[in-house]
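The data below hold one chain only, encoded as structure tokens and taken in the form predicted on its own.
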Amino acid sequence: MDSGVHQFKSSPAFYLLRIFKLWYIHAYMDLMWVTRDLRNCLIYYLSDVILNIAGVTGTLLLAERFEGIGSWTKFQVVFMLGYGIVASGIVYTFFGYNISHISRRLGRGQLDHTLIQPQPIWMCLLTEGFNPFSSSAIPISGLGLMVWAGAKLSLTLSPGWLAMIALNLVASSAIMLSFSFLWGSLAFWAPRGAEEINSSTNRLMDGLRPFPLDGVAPVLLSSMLTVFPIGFVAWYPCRYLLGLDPRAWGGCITPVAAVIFVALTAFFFMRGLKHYGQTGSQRYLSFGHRR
């Protein structure tokens, strides 16, 4: 009997069930926070929609004025903008509360909150930031743009195409999160100096993701697909999804890139975690952490 229980607790099914339970707990807390006051709830959602649409208004106006940007038509640009917002929304929905800004948690000495939890650190990071209600306005805004653009472009919604867009959205989100963790890991070694480095990296991603990169010089474009993988957030996957990239294997590039970035980030983050285990944190700031 004890052997069977032990085998279940070490099985993938046990961990999956545990993740769903933790997501449920955090979703409930998030719902209670959002709905504590109807007036504030409506203002919160409305402001979130306005902020996200305002962030891509510049590109929208350029596309409207010139009937597109480069080889992209106006509604192809709109689709790409919506795709980028949805990818960002996935990150903020599953990794809010300073998980996507991991440098803050590390720089403020708040990783100890995670380490004392009775579960693996990877499970804590995967579930602690789940806030599906307070962040739902972000992916909904992006999805609205994608549906509007898709209708105008008369896209054929086959099961294969829908599966490919879902795969690429997850991959784009994984690349964004990996980029954040990769730079945020510097806070292991420089907690005070690198505490807000993810504010800059996330602004970089949000600021450059709305633009098609077709006309960018080869050297700069290469850097935007490697050192600063902004091209994978929306531009590159949307080229394939909209038929601008005729290669049959074009839809696999972003998922493969995501695997590489996740592996690279895991290596550096584990190195930083090992360093943290030897030195600990010399500072602690309590603000910005959900307790």
Partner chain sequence: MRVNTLHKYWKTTAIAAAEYVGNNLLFLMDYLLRFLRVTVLLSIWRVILASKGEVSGMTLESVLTYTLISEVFSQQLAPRVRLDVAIWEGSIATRFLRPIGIFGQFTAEMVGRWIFGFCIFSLPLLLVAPILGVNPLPVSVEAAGLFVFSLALAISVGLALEFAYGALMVALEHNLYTLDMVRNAIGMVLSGALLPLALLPWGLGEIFAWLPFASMASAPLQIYTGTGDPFWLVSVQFGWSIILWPLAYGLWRKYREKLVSHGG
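Residue numbers count along the first chain shown, from 1. Since the structure is predicted, the reported quantities are computational estimates derived from the model, not experimental observations.
The same protein also has a form predicted in complex with the partner chain, omitted here; what follows describes it.
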- request: Please run the contact check for R247 against the partner chain in the predicted bound form: heavy atoms, 4.5 angstroms, yes or no?
  value: no
message: Check G243 for me: does it contact the partner chain in the predicted bound form (non-hydrogen atoms, 4.5 angstroms)?
response: no
query: Is there any non-hydrogen atom of S47 lying within 4.5 Å of the partner chain in the predicted bound form?
result: yes
message: Considering non-hydrogen atoms and a 4.5 Å limit, does the partner chain approach F211 in the predicted bound form?
response: yes
Stretch in contact, per heavy atom within 4.5 angstroms of the partner chain in the predicted bound form, of 187-195, 81-89, 136-144, 168-176: 187-195
field: Non-hydrogen atom within 4.5 Å of the partner chain in the predicted bound form for each of L16, I253 and F269
entry: no
- line: When the partner chain is considered in the predicted bound form, the residues of 64-85 having a heavy atom within 4.5 Å of it are E64, R65, F66, I69, G70
